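We give structure tokens for two forms of one protein chain below, kept apart as structure 1 and structure 2.
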Structure 1
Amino acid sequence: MSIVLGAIADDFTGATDLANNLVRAGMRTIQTIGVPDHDFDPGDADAVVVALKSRSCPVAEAVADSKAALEWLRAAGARQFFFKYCSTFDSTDQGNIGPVADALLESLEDDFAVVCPSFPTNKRTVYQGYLFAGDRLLNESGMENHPLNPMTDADLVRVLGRQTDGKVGLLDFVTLQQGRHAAIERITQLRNAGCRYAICDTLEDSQLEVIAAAISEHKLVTGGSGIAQALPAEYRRLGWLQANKDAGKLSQISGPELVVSGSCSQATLGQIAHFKENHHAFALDPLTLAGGDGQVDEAIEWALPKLGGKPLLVYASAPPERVRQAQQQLGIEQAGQLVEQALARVARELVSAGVRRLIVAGGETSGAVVSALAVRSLRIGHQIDPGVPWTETTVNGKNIALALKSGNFGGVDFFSRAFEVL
């Protein structure tokens, strides 16, 4: 077996976001949950995305898991490797983006990689090294209130510089406007100056195309899913990839529909409010969950007789002040685990009861749910909204349509419209 691109993603929804863009650009893509077994066969896939849960875990664990994924992808024959993190670059000053990138470069015996989190379609852009979410600096966008990785600095040269002992430079907007050859020349200058990384300015997709053309034969690319959508065209130019107009074809799957949400992002809170206008919803509360399984049992009993009608929603999403209250009383880690475990159990029990179309909102929640369902791989289908595709997997011998949504992604009507896409 041999694949063109081997990718390592630091959370499950981020992996799906990346895989979605690869499929849209014509690459047949499989997403695995964790490092695959040695005998795993990706079939006709052009790309394999290994989804880890390494964004917020201890640095040593993130590095070890990422290196294990790299070794599997190398054995599978990947021509290029991709380290995928969120377009909001969320991590701590200790990592995990810098340490993982350092470890991957070392394993590949290389000394340089671009850093390109931008995704202009989703209003994530970088200018002069500063990351914007919409028209706001990252640290003024709501990400400063992130419950696990609050982002209080938008200067990515500075942020990454605190996570690595390597020098961080800038591949600037003016250079990228001059095209591929100017970008290659600037990269050469940065490498000669001892830079290990270059933060990439990007305001439009045209800059992503220039970056992709300049780094198509680099051993390692790091970034969000935006740059990935520009890479397949370069692979075709190099003769590594054949054209494919139906890379996202999935089976037809029908049956009861469910949404579970643990994300507390502003986007997801808006989607929940919109969905509740015309659908049944059940809210879980971390403080109540701390008292035992009673509320989870109640949610399952509430949902069972309603399956097969309109899509249902079970959620633990809450505004920042409510999240802080729960974290203060329970601790950040325990509050998060209670929510993840509760929603994972709800999803597992209701899939066993017949749910065949499932949406999960939130990266940590998605990780807990796919683990509870014992999902090992996903075939990536067509896009619902930028960054979020439907996927197909098998649970208990039955095909399931599954969408894993990053908290910040999707329009306000995402939940209801996603089922209409199917």
Structure 2
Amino acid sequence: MSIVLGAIADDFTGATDLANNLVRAGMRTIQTIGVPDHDFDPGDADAVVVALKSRSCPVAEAVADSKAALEWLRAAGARQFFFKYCSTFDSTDQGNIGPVADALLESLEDDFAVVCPSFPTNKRTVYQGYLFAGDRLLNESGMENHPLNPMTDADLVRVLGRQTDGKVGLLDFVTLQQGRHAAIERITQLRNAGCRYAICDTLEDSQLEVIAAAISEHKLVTGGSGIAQALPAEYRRLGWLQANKDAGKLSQISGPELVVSGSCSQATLGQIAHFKENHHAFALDPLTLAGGDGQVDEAIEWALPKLGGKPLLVYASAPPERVRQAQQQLGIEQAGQLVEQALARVARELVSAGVRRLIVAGGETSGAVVSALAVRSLRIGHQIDPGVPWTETTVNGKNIALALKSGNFGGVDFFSRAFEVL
């Protein structure tokens, strides 16, 4: 079996966001962590999303990793390729969006791609090439203060123009209002005028559908998960993809349930307080962890006899003043590392002891746990709350249900509801 869509995402949560939206639009989707091994079998998946860490790394590394991902996806038979970046176009004048897109086009022996970060549902719109986050221009939205890639210019034609030697044009709002044929004609004009890229205006989701219909012949599409969500309907129209009512179906996985949390976000703290009203919980403390492994051993011993009863919670999450205290005494990085490593060990040992359904709260924490469990790929299931799907993976030959929740996501009853919906 060949896949239909091969996607390359420039960071992990961006990849999950994309994969989640593809499932919702009817594609069976697998997310891989890094470029898969040559013999990795995507099974019956319609789409594979390769999650890279290429957003803020050196350009050469981002290009090399993206090309390696492309080669794998090509070998898996993908009919169209997608380069996923953030809807706020997170990048610098050096890259990495321009150089990666250039390299992918070159590898695909093609000379044109649309650039469509917009996602009106999530309040990212583009007008006359200017990107808005909510009701503010990108460079007044707070993104101008981002620590790694401050976005100080909202004009994406100009921003991308600084990252590529290719010419950048605009697929404008007025043309998109006239529908697919007008969009195709405009793209042809831009191509004939020597443009390598067209920034796409979009004020409403319906324009994403027009864009998707106009680019079905393109080898490469670049953008956020908004435009990606509009692609599966086109694939069905073309006969590439069967209608699939339950693209998020996973195996029935039952067994002991565990939550580990290293997220200190407002939302997670609320979810923990809510969960603790009816469930057993064990708190880890970075200052104690700094003294040795004792507290992790204690947490594991505490959990073992309770496995298989109600879901358990092991957490280090703490309110801002406690986090600041730990950081002042240990240093920000060391406090974070200690907690991540401790939670990763708890997860690894308790999965070995039989946990089959695992929720991890926190982006960095999820990274540490996924790497401790040596997870290489995730089959994406139904969404629990916007942006957070259940996934299925294999650890030591056993199927595990895994949900990775980044900081601010999820309603207050997220943890208990997540297990109920499984």
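Between two forms, the rigid core is defined as the largest C-alpha subset superposing within 1.5 Å. This one's a predicted model, so the numbers in the text were calculated from it and none came from an experiment. Along the sequence of structure 1, residues get numbers from 1 upward.
Participant: When you get a sec, tell me if the form predicted in complex with adenosine-5'-diphosphate (ADP) is 1 or 2.
Facilitator: Only structure 2 matches the form predicted in complex with adenosine-5'-diphosphate (ADP).
Participant: Name the rotation angle of the smaller rigid part against the larger part between structures 1 and 2, given in degrees.
Facilitator: Angle of the smaller part against the larger: 24 degrees.
Participant: After superposing on the rigid core, how many Å does the CA of residue 386 move between structures 1 and 2?
Facilitator: That residue's C-alpha is offset by 4.3 Å.
Participant: If you line up the core, how far does the Cα of residue 319 move between structures 1 and 2, in Å?
Facilitator: Comparing the two forms, residue 319 shifts 13.5 Å at C-alpha.
Participant: Please report, in Å, how much the Cα atom of residue 249 moves between structures 1 and 2 when the rigid core is superposed.
Facilitator: So the C-alpha of this residue moves 2.3 Å.
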